[in-house]
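In structure tokens, the next block holds one chain alone, the form predicted alone.
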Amino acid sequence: MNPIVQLKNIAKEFHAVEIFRDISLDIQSGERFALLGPSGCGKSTLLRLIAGLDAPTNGELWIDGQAASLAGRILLPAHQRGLAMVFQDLALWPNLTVHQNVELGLAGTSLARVQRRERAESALSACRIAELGGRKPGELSGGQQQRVALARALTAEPKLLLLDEPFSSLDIANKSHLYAVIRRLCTDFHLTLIVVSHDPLEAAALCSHAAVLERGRIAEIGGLQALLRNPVSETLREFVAQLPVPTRKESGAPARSEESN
């Protein structure tokens, strides 16, 4: 079975400055996959390549068995890749209602107006915010705004859901609740999830697999719990040090002594 996302020797440069090169990885259908690494390592850039918002400098990118991008060329436009993306700033229109914002996820489709409304209502119900449809984004909490962005992404019925650090402004309670919502949505909608994160708790709560980017390369890749049990990269060693003691013990990673704190 072909991976739903396949990167073959992907490289990216901006103005002759190399961001990364020789990035190769496969993401299987149904996986919840984290792209991890320090700030500036190219995680969000790689996500944009997968989304079809930019083309690689070199290499090949395949989506669901179809060539999507080659060196300097986008062969499969973003709207034909069967994906939806939630950005860090959420991009909600303040002058539109929640329902209208969610319907924007269907802009450009051939669906009739009644079908768009039904699709938006279904997505709002799936995210358990159907009662907020008439409100404006400014009347919502941060966690509720996150759910609106997720509902808008779901209206397109994507195979792939891409999240680019969308929870950085939320408190721990709201994050924990949204993690549970996203795991449920992935199961209910048979989604493959790709998350860009620098938060070890977020990655551990959401994802089953991960790739770590460091110094323009993939430092390690595989099942996240296996990586946490034997971290090789500097990034994952720092991640493990930040995880709560019960999580570290479950993953098999060594806990720090009190004297080292």
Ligand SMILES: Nc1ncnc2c1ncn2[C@@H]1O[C@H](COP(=O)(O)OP(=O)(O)O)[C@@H](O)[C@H]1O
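The first residue of the shown sequence is 1; numbering continues from there. These numbers were taken from a predicted model, which means no experiment stands behind them.
In what follows, reference is made to the form predicted together with the named molecule, a form of this protein that is not presented.
Enquirer: Tell me which of 39 to 47, 226 to 234, 57 to 65, 203 to 211 has residues with heavy atoms within 4.5 angstroms of the named molecule in the model of the complex?
Expert: Within 4.5 Å of the partner lies stretch 39 to 47.
Enquirer: Is I19 near the named molecule? Define near as a heavy atom within 4.5 Å, in the model of the complex.
Expert: Taking the distances in the model of the complex, the answer for I19 is yes, it comes within 4.5 Å of the named molecule.
Enquirer: Can you name the residues of 79 to 100 that have a non-hydrogen atom within 4.5 angstroms of the named molecule in the model of the complex?
Expert: Residues within 4.5 Å: none in this stretch.
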